[in-house]
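Given as C-alpha cells, the chain that follows is alone and in the form predicted on its own.
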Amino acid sequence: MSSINPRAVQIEAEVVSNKKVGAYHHMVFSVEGMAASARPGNFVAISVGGESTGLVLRRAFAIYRATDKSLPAGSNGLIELVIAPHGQGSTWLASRQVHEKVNMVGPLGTSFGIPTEPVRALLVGGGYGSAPLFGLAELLKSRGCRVDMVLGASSAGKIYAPLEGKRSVSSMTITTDDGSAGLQGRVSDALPQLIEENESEIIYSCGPMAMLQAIQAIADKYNLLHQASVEESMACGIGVCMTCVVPLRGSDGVVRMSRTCIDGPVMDGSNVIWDSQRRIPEGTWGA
C-alpha cells in the first residue's frame, strides 16, 4: 500500500511575500528545510482559518517553485504557491500578511518523472493549475530538453504569468475560451499541430480533469507518454479521508480506486480511467 511522502514535514511557515497577480495571489513562504525535498509536481497541505475556525480540513496547493539556498533574511528555503481565492479557505490564505505564519505539511504526493536523456517535452496547463509546470520547465531546460508550453484559461486574466513562462521555454502558446488572448479555443485544439511541428516526445499536464482527459486522447493518438497532475479535491492530503480517489489501472491490469494525494497527484495518464464520471467502474478491485 502506498504511504505518505517520506520527505514530508510539518512546520510553521512564515509568509515572506504576498502579491496579487491578475486573478491570483503569488505567495512565498519561508519553509526551513522543506524546500530541499520539494520536486515539481509535489504539493503542500495548509491549515486555514486560524485557531478558532470551523474549517477543520487542510487545503492542498501545488508547489509553484521551491528554492533551496541561503538567503539574506536567514531562511534556508522558500516555497512559492499560486492561490486562487475561491472558497473560504483559499480566501483566508490569500489574505495573510507578511510575517504571519501558517501550519504547512509538505512536500506531499508524487512528482513528475524527469527523463535521463534530453527529450522534446510539451507542457500543458489550465488556469492556475499550470503552477507546477513552471518549476518543471526550468528543471527540464537545465537537463538539455526542448520545452514547449501551452497555457489555457477561460479568459486572458486567468492565464498565470505568461511572460515569466516564456523565459523558461522554447515556445509559448496561449489559448482562451473567449479569444481575449492568444488562440480562441481550448488547449487541446492547439496540441496536434504543436506535437507535429515540435516533434514532441512526452506531455506533462496539470489542470481540470476534462482537460486532462482530452490531452490523454491526443497522447494516445500520437503514442506519446503523458504525465498528468490530477486535480481532485484533497480534503486531508495524507491519504486518510479517501475523498480524492480515482480509478487507476495498475501494472497487473487491475483497476483500483487510488488516492490522488498518495498515488498521485502525478500519474501516468494512460492508466487513469478518465470516463468514470466519479463512479466506480465495473470490475474494479473490491467493488
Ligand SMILES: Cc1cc2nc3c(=O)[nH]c(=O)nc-3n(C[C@H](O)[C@H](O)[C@H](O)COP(=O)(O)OP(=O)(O)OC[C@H]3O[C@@H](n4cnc5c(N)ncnc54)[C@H](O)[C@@H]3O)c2cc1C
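Everything numeric here is computed off the predicted structure, so don't read it as measured data. Residue positions are given as counts along the sequence shown, with the first one as 1.
Keep in mind the form predicted in complex with the named molecule is missing from the figure; the text below concerns it.
Of the stretches 233 to 241, 29 to 37, 247 to 255, 218 to 226, only 233 to 241 has residues with a heavy atom within 4.5 Å of the named molecule in the predicted complex. A heavy atom within 4.5 Å of the named molecule in the predicted complex is found for exactly one of 175, 188, 111, 90: 90. A residue is said to contact a partner when one of its heavy atoms sits within 4.5 Å of a partner heavy atom; residue 65 fails this definition for the named molecule in the predicted complex, lying far away.
Shown alone here, residue 84 lies within 4.5 Å of the named molecule in the predicted complex, counting heavy atoms only. In the predicted complex, the named molecule sits within 4.5 Å of a heavy atom of residue 265. Though the partner is left out of this view, residue 160 does not reach within 4.5 Å of the named molecule in the predicted complex, counting heavy atoms only.
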